[in-house]
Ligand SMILES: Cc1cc2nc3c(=O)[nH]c(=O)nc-3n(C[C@H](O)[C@H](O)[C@H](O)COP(=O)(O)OP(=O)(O)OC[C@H]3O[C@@H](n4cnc5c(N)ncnc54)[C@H](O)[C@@H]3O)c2cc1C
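In the block that follows, a single chain appears as structure tokens, in the form predicted alone.
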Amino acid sequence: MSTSKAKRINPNRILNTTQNGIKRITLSAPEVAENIPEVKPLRTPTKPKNFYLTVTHADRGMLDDHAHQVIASAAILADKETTVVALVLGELREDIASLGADKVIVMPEFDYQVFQPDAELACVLKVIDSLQPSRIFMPDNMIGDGELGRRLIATQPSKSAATHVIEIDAKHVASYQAGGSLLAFADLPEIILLAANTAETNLPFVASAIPDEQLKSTSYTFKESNSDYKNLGMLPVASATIALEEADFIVSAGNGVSNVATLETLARSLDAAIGASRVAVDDGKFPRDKQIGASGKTVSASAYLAIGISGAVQHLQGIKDCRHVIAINRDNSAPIVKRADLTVIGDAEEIMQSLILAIAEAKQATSNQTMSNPVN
């Protein structure tokens, strides 16, 4: 059986929530508001006597809301003699001065797609050894930062620690216990893993966010040969075998798709999984396990191509967590158009045929270029 290079959703990807409650992935710096921003005072100690360290992962240059909250919480608790140092694992293409970071250490070597827990832990331990921070703040999630935080706690038995922290101030932390029916309180520990939505990020001050090149140059000394893990990269899998909940690219059909074979060809060309609206499933064009919507499956693909789907409320609910929605529809007033980031108005069959041809030509051009420039 042939396989494609279709990718599953990367669980470490960065999600941010818009004002409308829609989760989106931001690939570039946020747009600058048209109104004049409020001028806030600068809070950066000139002669620090203490350090707070935050450790977060970045995804394609951006930090998610949880990481923002962690850095802001450290800045809120820091006094006038405490410098907040933000260690970012991965590329960083956003300004985090507004979050209260006085110094920033960016380690682009730790790409979010590469599994290298030993190297990441070695880097964090090196920074801790050089900086000697009194407190360490990290996001507490199911993957990525949460896993790294627990690895760090295991290597620091002499330091006090708290996980799943939902309440924090200068004197104490609190976490749920007994299945969430009770709160457990403790003195402010040295290692703090914060739950999401614990801190406000709209601070009344800003910091300098100065890159610390000296600490960066001494932070990465880990050799791959020292690791017990080997990253195997992204393994190719057949698109048809990926569950819709895990698919990163979905081509979905509605009542406006008359030729299912054309849609299947387009999906194979794009290495995408196939989904459908309830109407298309009820018509017998697709099996029930392909149905997306409130009465079907909820998906969170990076790219969702909706072809001939009007966009009923139930269907929109099923795609609310998708990163980019592209619609092909005859009706420019259809509800899906308002949800889509890009809409092509026209006949579904004609546009699908044109896309298949364009994709084939692009792949052929890439193949010809590769053959003319072989890798030595």
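Since the structure is predicted, the reported quantities are computational estimates derived from the model, not experimental observations. From 1 onward, residues are counted along the sequence shown. Take the two forms, find the largest set of C-alpha atoms that superpose within 1.5 Å, and that set is the rigid core.
Same protein, other form: the form predicted in complex with the ligand, not shown, and the subject of what follows.
When the ligand is superposed onto this form from its pose in the predicted complex, none of its atoms lies within 2.4 Å of a backbone or C-beta atom, and the site is open.
Only one of Asn255, Ser302, Thr201, Thr163 comes within 4.5 Å of the ligand in the predicted complex through a heavy atom, and that residue is Asn255. The stretch that touches the ligand in the predicted complex, counting heavy atoms within 4.5 Å, is 286-294, out of 88-96, 75-83, 286-294, 184-192.
When contacts are defined as a non-hydrogen atom within 4.5 Å, all of Gly308, His315 and Ala348 contact the ligand in the predicted complex. At least one heavy atom of Asp331 is located within 4.5 Å of the ligand in the predicted complex.
Remark: Val279 counts among the residues lining the ligand in the predicted complex, judged by a heavy atom distance of 4.5 Å or less. Residues of 91-109 that come within 4.5 Å of the ligand in the predicted complex, judged by any heavy atom, do not exist; none qualify.
Superposed on the core, the two forms differ at Ala306: its CA moves 2 Å or more between this form and the one not shown. With the core held fixed between this form and the one not shown, Val84 has its Cα displaced by under 2 Å. Relative to the superposed core, Lys103 shifts its CA atom by less than 2 Å between this form and the one not shown.
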